[in-house]
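The chain that follows stands alone, in the form predicted on its own, written as structure tokens.
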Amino acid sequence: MRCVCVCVVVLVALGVRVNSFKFKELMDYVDKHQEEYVQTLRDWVSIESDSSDVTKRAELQRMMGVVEEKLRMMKGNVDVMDVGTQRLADGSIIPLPKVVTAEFGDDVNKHTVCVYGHVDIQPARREDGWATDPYNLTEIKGNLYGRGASDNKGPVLAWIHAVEAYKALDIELPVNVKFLIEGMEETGSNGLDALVEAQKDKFFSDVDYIIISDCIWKSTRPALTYGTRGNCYFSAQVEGPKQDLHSGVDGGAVIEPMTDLIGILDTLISASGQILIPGVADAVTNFTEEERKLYEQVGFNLETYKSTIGVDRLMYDNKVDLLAHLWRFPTVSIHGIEGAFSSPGTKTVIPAKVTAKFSIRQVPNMEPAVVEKQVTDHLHAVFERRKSPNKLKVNMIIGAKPWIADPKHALYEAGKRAVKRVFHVEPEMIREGGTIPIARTFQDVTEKYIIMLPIGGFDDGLHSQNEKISRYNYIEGTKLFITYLQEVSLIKEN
């Protein structure tokens, strides 16, 4: 009889633990406050926090102040951390926007998660092709249009609202939550690597897991992201005459720098997408059958994708091959040329100096230092064969490593459970073709496990005109984050 009583007590105790998550109350709270959430996002989008434009630096500083104030109003343990200064092209030095951190809960018996996000944005102007004012959040057919709505102000706010819901209902957080919000992600997270290193044994000392929601789904189904590509970003400068020349007078007297530049750029990649730089693809990990099966399960539609990006033809005619080349194979992209005449009209000028910008997305096991040498050696060899009197200078500006996680880790299993509870579907397991350098920094420096948990839609238009987040994703994403905190609390440590 005593044994039965003990079992009953244990079951009751377990039942209390299982049922302590007040799912319905929290979900109802989010639904009742969604207009407030949309208005807060509208307020945040109205701040032109463009980190690439130093003339907007005051607005960026104001944005960081708004984040700090929001977290203080929630009674978090808030701090602002200095990440140093930035030297501008004219030699002047200005302070970088401070990183905002906050802590909610310090129970040593609970897991601690750190949520990372950023509130700086890409440039946006109405005349670039926006249908609405990019800094006035506008709702059209359930979509909330505005610069930063999806990248990354909406997801940051969804996380803040998730914690806020627990506190408003006086429900104990199932895990300790820390926030780390920065304002320079779109320009390379200036100063953040050094901050993470300095805070390894301080802010990050009790962190168990790091969560990043600066990414998007690949289809209409929710997703968990387990990998991103890195990025080696280069400039190649060809310099010739001391000054710009007139083609009608001097065109036959010199080898034009632009001709040399176009000539060497043409040796980077073939028309079929093959990288022509010797050795670059040699270190790429083999595409496994297990990976192929994961890609086959992604609900990615080629026709929808073509329509979304506005093309009639893609380089690959099946889903798996296309996803593989978007996610786990390196690619070369040419982004622009400085010094070239690009304004409307005609102009018969030979520029004296032109600079191309191009990048190579990195994948495991590529090393930026090796790629830098391969690219530099290749371009100089090609240039030498041209026997040009001009001068070539090649620089690698960014050398960001790829990041990849184990999609079978308990952190991802918790994500699957949370997605299924909120959205009633199994999530897709995806990788990201872009680069989020801080993920690899977090992994290498803190040695904590990381998950990327997106709520943005595949058609949100990050970095382009008419960026948006759907009201559905924003609100249901808040519910997902609330539920995910509960699921993480149930992870058993090995």
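Residue indices: 1-based, along the sequence shown. Keep in mind the model is a prediction, meaning the values are calculated, not measured. Between two forms, the rigid core is defined as the largest C-alpha subset superposing within 1.5 Å.
One more form of this protein exists, namely the form predicted in complex with a further copy of the same chain; it is left out here, but the text below deals with it.
K.L.:
Identify which of Pro407, Gly240, Gly76, Pro368 has a heavy atom within 4.5 Å of a further copy of the same chain in the predicted bound form; exactly one of them does.
P.N.:
If I apply the 4.5 Å criterion carefully, the residue I get is Gly240.
K.L.:
Between the options Leu96, Ile181, Leu192, Ile216, which residue brings a heavy atom to within 4.5 Å of a further copy of the same chain in the predicted bound form?
P.N.:
Comparing distances to a further copy of the same chain in the predicted bound form, the residue within 4.5 Å is Ile216.
K.L.:
a further copy of the same chain in the predicted bound form: within 4.5 Å of a heavy atom of each of Thr331, Ile350 and Asn466?
P.N.:
Yes, the whole candidate spot contacts a further copy of the same chain.
K.L.:
Thinking of a further copy of the same chain in the predicted bound form, which stretch from 419-427, 331-339, 135-143, 168-176 has heavy atoms inside 4.5 Å of it?
P.N.:
Of the options given, it is 331-339.
K.L.:
According to a 4.5 angstroms non-hydrogen atom cut-off, is Gly399 in contact with a further copy of the same chain in the predicted bound form?
P.N.:
Close contact is absent here: in the predicted bound form, Gly399 is far from a further copy of the same chain, nothing within 4.5 Å, heavy atoms only.
K.L.:
Is there a heavy atom of Leu462 no more than 4.5 Å from a heavy atom of a further copy of the same chain in the predicted bound form?
P.N.:
Result yes; Leu462 sits at the interface with a further copy of the same chain in the predicted bound form.
K.L.:
With heavy atoms only and a cut-off of 4.5 Å, decide whether Glu291 touches a further copy of the same chain in the predicted bound form.
P.N.:
Flag for Glu291 set to no.
K.L.:
Would Tyr233 show up as a contact with a further copy of the same chain in the predicted bound form if we use heavy atoms at 4.5 Å?
P.N.:
Contact check for Tyr233: yes, within 4.5 Å of a further copy of the same chain in the predicted bound form.
K.L.:
Enumerate the residues of 383-403 that have a non-hydrogen atom within 4.5 Å of a further copy of the same chain in the predicted bound form, in sequence order, or give none.
P.N.:
Arg386, Lys387, Ser388, Pro389, Lys391, Ile397, Ile398 sit within 4.5 Å of the partner.
K.L.:
Would you say Thr348 moves its Cα by 2 Å or more between the shown form and the other one, aligning on the core?
P.N.:
Comparing the forms between the shown form and the other one, which are aligned on their rigid core, Thr348 does shift its C-alpha by 2 Å or more.
K.L.:
Any CA movement of 2 Å or more for Pro123 between the shown form and the other one, core superposed?
P.N.:
The answer is no; the displacement is under 2 Å.
K.L.:
At a 2 Å cut-off on C-alpha positions, does Asn395 qualify as shifted between the shown form and the other one after fitting the rigid core?
P.N.:
For Asn395, whose C-alpha is compared between the shown form and the other one after core superposition, the shift is 2 Å or more.
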